[in-house]
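Have a look below at one chain only, the form predicted alone, in structure tokens format.
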């Protein structure tokens, strides 16, 4: 019986940076090139050196906590001054260290929504939304507030205080307050992280509908792989202040080339390996995984036999069987013993020693039906295309 596991480079842009034609689909509306010394949680710090340019639509800044994502948003908003660089927003330069330009926060045309919504607790929903429109004529103010309350389906909440509404409703109010000012860019710092998937999906649908009419860049910060695929049209993977990869979510996270990106993308198994043989006619090669010199077949890359490589495999891409498989097309079948097994929310993580220790994800139902426990002999099935050759992480 078997169980299936559950399943860019700096300086480049995703669209032509020189396109200045009004209303073109690939017009660059936000162009960022900044450097700032950044103190991380370990106290060692690093230099944030970020360069990217994006058009309208959703762009994800993806990476682990402390990578520099929030600092990048704060620099765009004007809450933090970079040490050097330039920020251009909707053809306006809002920061330029060389010419000493640093436009005030209130004049940048940036909307910013935080994870904790940051609503004024003593103001009603309507008054929270109206707050950013001071100085706008009253007739226009009423019109704008009414339109944005309707867009985010919170008209019925207008007279209520933040403490009397749900978390999802508070985030809708926070978005409405940021967008009623009609900003040139919207910055979202994990604003939906605490919400359930259904609530998050409904809010994102409303935000997408709003942006189809406005067409502004929306930068969304997250370290959740699931949110990248749910929200992103393009993604920048950030690691220790630099862009490690960029592109479509499926290109960056499903087929990573850099080890640091693979770690961010949830590749639980990353092994040192050495190339033993090339099979050019089949488009594969045999690698020896350390420490037990286990043979595993991977896609072919243009390197010489004997060269060191790193091999990444998702825990969810590995099949597990309690009997030796027969008649399978998969070339990698590894015999091993379960060292440990633990339940994690709605998943089961098994660690299986096959000479090297593999992490394998299963469902609780599969664990029960197969009678899996520590000490059980099992077989792992790993398809060739599930093995990804990675460039090693740079040494600090």
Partner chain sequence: MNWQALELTLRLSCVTAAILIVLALPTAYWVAYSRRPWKFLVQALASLPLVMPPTVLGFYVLVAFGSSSPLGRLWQRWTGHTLAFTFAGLVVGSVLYSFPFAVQPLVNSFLAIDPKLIDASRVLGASRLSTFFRVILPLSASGLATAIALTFAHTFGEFGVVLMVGGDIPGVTRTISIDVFDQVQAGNYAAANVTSLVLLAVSFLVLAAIYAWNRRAWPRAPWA
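Residue numbers count along the first chain shown, from 1. Note that the coordinates shown come from a computational prediction; the quantities given were computed from them, not determined experimentally.
Although not depicted, the form predicted in complex with its partner chain is the subject of the following passage.
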request  = Report whether the minimum heavy atom distance between residue 269 and its partner chain in the model of the complex is within 4.5 Å.
outcome  = no
ask   = Can you check whether residue 315 is within 4.5 Å of its partner chain in the model of the complex, heavy atom basis?
value = no
inquiry  = Contact with its partner chain in the model of the complex for residue 137, defined as at least one heavy atom pair within 4.5 Å: yes or no?
reply    = no
key: 4.5 Å heavy atom contact, residue 104 and its partner chain in the model of the complex   = yes
task = May I ask you to choose, among 247, 132, 168, 85, the residue with a heavy atom within 4.5 Å of its partner chain in the model of the complex?
result = 132
query = Which one of 89, 110, 252, 219 is close to its partner chain in the model of the complex, taking close to mean a heavy atom within 4.5 Å?
reply = 110
request  = Using a 4.5 Å heavy atom cut-off, indicate which stretch of 124-132, 317-325, 274-282, 200-208 touches its partner chain in the model of the complex.
outcome  = 124-132
key: in the model of the complex: members of 158-173 within 4.5 Å of its partner chain, any heavy atom   = 161, 162, 163, 170
